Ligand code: DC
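Form predicted on its own, single chain, as structure tokens, below.
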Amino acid sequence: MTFLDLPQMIFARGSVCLPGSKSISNRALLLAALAEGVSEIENLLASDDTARMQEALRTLGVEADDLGAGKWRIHGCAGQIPVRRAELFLGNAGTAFRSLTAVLALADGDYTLTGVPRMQERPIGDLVDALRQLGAQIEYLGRAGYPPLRIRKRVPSKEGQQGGKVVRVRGDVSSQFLTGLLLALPLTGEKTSVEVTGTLISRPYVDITLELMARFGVSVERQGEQSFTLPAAARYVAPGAFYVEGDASSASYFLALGAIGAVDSVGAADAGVRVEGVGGKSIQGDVRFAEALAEMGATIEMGEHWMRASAPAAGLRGITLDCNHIPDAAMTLAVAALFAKGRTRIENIASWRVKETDRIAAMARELGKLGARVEEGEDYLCITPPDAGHPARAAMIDTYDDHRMSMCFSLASFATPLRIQHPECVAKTFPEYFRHFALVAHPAPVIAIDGPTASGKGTVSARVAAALGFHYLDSGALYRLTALAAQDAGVDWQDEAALAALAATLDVTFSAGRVLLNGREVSDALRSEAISSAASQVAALPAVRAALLFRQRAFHRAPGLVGDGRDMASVVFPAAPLKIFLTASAPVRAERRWRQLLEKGQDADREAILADLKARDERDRTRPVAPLRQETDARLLDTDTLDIESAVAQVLAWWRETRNVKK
């Protein structure tokens, strides 16, 4: 299983150049393939969805040349598909599957269309019913109404009405059914009208289809949202050069970042996040997401090809919004609701049920993990954020192989540290998303302090954290707690699987210098020599370290963190702006430990302590996973001749130096 751990973010600032729109890219590819002449498409989105369309077109005999830098040359087939028998695998690309179903159903060939298991759960029956009205021969190879499909040569119907044929299609399940029909109808060569039954959802995506058809030479006469007529002998003609504007759905994530991300003390005049490549001149409906943010109180600026969103001083407020016009961007709105005052109600989103996953159910489940109260309906969500006194909990977010779940929930990192499961699913539409996210979302600072046992790093780290007002992570305490929990449960300290299971479910509370395990005060027990020694053994087990990794990273919260341990800089917080390796010689450390024990009134053998320290050092340095070492970019702090106050002062001086360099 892959994952991405995100610390709590504290402010957002910067700009992002958006990749090309997925909706426009796939439509443009198909239209260029069906057109007469050669089209050169620029700024084409590079993603899994567009790759599926490109592979399908090449399989069908369409010549497509990759010119590099997002530019493609497509040699159109003038409406005559060159390959008449083929099997196409379209992954989970709904736009590609539905539009190619319509086009191939009106072509003269024999085709099989398949996809991933989730595609077999996404309905297509209404589109198939409409195509059959035109004489299409389509067979379901599995469950009726769902992919995969077998398509055979069409038998044109002789029946019609005066003035042309009429085809009826439902509009209240997916706008892709209507889009597919409209894109394919010029292949019939006949005047045809499409009548939409039910309320047309996701209207802006149909508008994109009509706009692009017009650019490729086919104008559709429309009467509102219920009737669309294509003229006889309509044909696509290559426009020559065609530029794909930036993706408005992708813009929603960065606009939301600007709206929810507080501004740090530096750069307040450069507040918010700006997106380049889409703006007031866009043909995409999701640009209206900016209007939703403005209604929530965000400051929105817009030019022809750019937009900027900034956080309001008073914070966002909850709203009620019909999201039929922004179905994809509405997912971003649902996560932004975590940061609003009051309830947010998102309505008219029934199409979420038949997307890459059941997005209404998935969104309700994952928002609930963060402490939100969510009411789920057949076509709506009501989201009430966590109470101010109960901040969002650190959580592992499941993404359901849905690119938009992964991207929109990244915004929740402004509330709490997160683990995003399977973040690679963003490749469907935005492979570089998390790289862009890191450019504008700035995490709480962290100081990582590593060193051998008894070097004084715990005391120094705690005092530095107190001086800065940061949180403090004693990572060793988690390993000692695991050892103590194992002792309580009668689990052997070498039983890796059992120890990992205990580590993953530790019921631990850190509060006011006290440590509670399963509700029991264990602060003193954790410091015993037996548990400290056992912790070193437990920490050498890879499965235990993996189980505790996210628990450690969950401490990375605002306003900042000081973490001490053995692998803070190398594994847990490798991006820490300040890394320190704090050490002292073994004899000095043994002397310190011996004196501590004497002060507590305990008998102690100095030589035995020294031997034990050396054994722990060797075990920590040679363990196969996350061995103790000084990272190349870590500063060395040798405390042989330093007292605690001097060591703390040095760390604070290095921190001030680091912050000045960053600024």
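Values in this document were obtained by computation on a predicted structure and should not be read as measured data. For every residue, the number given is its place in the sequence shown, counted from 1.
If you look for the form predicted in complex with this ligand, you will not find it shown, but the lines that follow are about it.
Heavy atoms within 4.5 Å of this ligand in the model of the complex are found in one stretch of 345 to 353, 479 to 487, 385 to 393, 577 to 585, which is 479 to 487. Shown without its partner, this chain lists 535, 300, 81, 138 as candidates; in the model of the complex, only 535 has a non-hydrogen atom within 4.5 angstroms of this ligand. A single residue from the set 73, 551, 527, 305 has any heavy atom within 4.5 angstroms of this ligand in the model of the complex; that residue is 527. Shown alone here, residue 443 lies farther than 4.5 Å from this ligand in the model of the complex, counting heavy atoms only. This ligand in the model of the complex is not approached by residue 259, whose heavy atoms all lie more than 4.5 angstroms from it.
This ligand is not shown here, but in the model of the complex it comes within 4.5 Å of a heavy atom of residue 539. When contacts are judged by a 4.5 Å heavy atom cut-off, residue 568 counts as touching this ligand in the model of the complex.
For the partner-free chain shown, 453, 457 of 423 to 459 come within 4.5 angstroms of this ligand in the model of the complex, judged by any non-hydrogen atom.
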